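Below sits a lone chain in structure tokens, taken as the form predicted on its own.
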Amino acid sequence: MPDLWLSIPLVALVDVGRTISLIFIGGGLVWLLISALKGREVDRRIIFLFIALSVAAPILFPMTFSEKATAVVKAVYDKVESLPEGSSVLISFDFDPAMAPEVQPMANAITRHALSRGHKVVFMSLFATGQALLTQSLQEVVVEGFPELVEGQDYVNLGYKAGNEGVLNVIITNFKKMFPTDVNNIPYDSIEALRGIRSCKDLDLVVSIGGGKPGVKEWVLFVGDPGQVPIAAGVAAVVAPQMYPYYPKQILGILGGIKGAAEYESELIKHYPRFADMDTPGLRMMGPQTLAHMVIMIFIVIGNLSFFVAKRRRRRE
């Protein structure tokens, strides 16, 4: 018997688990609908059970749903796509580990896109804890995904610089003054990826990923507005509503939460087949959210049907 279990591919087991889960949830919802139409009350603990199942099932048996980029996300994708090859794109990792699960997937997706287009990418961070996360992305996305690229020539890691808004206030006029070397102590003037960049005004695009302070808002106030530098944002879902007043005049596009990351990943896979097998944490994490939201919407429909059926029954009586 153990040999039989080992001979079954893991993918097949996941498919079976996924199918059984969907049948169980779908069958249960139909049973609830029939019960509601018959005027039976449904215990609220049953609703809690269905929500728990709809969240747990996509985690245990990975489910992904198709995503279509909304206009606010597509604007960022189109900007990266439309820049001429060799353009200078700065990606700032302005977040800490607590925010990383939500925003690091979007930083990775934009990095893949920019490097695929042949842009020179400048990495930096305004958060002390952002440097470690930046190093992690460089290893997983750049070193492993683009082994043909050369650090210093195709991209550069400037690392973390203390000073919050003061850093931005300096690099808007003089980049070298704040970053005389990169993280490897290579002199600024010796780094080919920084050739022609004397200030932020020489950048073709700045992408701030984060949601705290300093972050997107400070990039807009100290760099985007005074330097007329295009700013794109990737922020946590809870912060996204605060950024919409700046869109589209001061921020050309916004990736909001894991939904924004999933939309960007979907757009990237759609146009770049080489990334079809890449890790897509955004799309993966949208599975539980999407299924749970679908179940909640069905509960709302069932609840309304139950209300009108009960009302009609009372009139007859």
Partner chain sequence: MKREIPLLITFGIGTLLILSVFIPPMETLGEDFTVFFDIIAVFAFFLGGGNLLRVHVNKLQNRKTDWPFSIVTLVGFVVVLAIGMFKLGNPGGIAAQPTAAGSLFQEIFDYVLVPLGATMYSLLAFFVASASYRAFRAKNREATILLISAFIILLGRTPFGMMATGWIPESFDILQVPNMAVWIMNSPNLAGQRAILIGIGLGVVSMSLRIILGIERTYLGGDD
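Residue numbers count along the first chain shown, from 1. Take the two forms, superpose them, and find the largest set of C-alpha atoms that agree within 1.5 Å; that set is the rigid core. Keep in mind the model is a prediction, meaning the values are calculated, not measured.
Form predicted in complex with the partner chain: not shown, discussed below.
Put simply, residue 236 is close to the partner chain in the predicted bound form: some heavy atom of it is within 4.5 Å. Residue 118 falls outside the set of residues with a heavy atom inside 4.5 Å of the partner chain in the predicted bound form.
Remark: residue 24 does not count among the residues lining the partner chain in the predicted bound form, judged by a heavy atom distance of 4.5 Å or less. Contact between residue 183 and the partner chain in the predicted bound form is found at the 4.5 Å heavy atom cutoff.
With respect to the partner chain in the predicted bound form, the three residues 152, 266 and 282 uniformly fall beyond 4.5 angstroms at the level of their nearest heavy atom. Comparing 239-247, 110-118, 85-93, 225-233 against the partner chain in the predicted bound form, the single stretch with non-hydrogen atoms within 4.5 angstroms of it is 239-247.
Screening 147, 196, 187, 101 for any heavy atom within 4.5 Å of the partner chain in the predicted bound form leaves a single hit, 101. Along 287-313, residues 289, 290, 293, 294, 296, 297, 299, 300, 301, 302, 303, 304, 306, 307, 308 each place a heavy atom within 4.5 Å of the partner chain in the predicted bound form. Once the rigid core is used as the reference frame, the Cα position of residue 46 differs between the shown form and the other one by 2 Å or more. If you fit the rigid core between the shown form and the other one, you'll see the Cα of residue 266 move by less than 2 angstroms.
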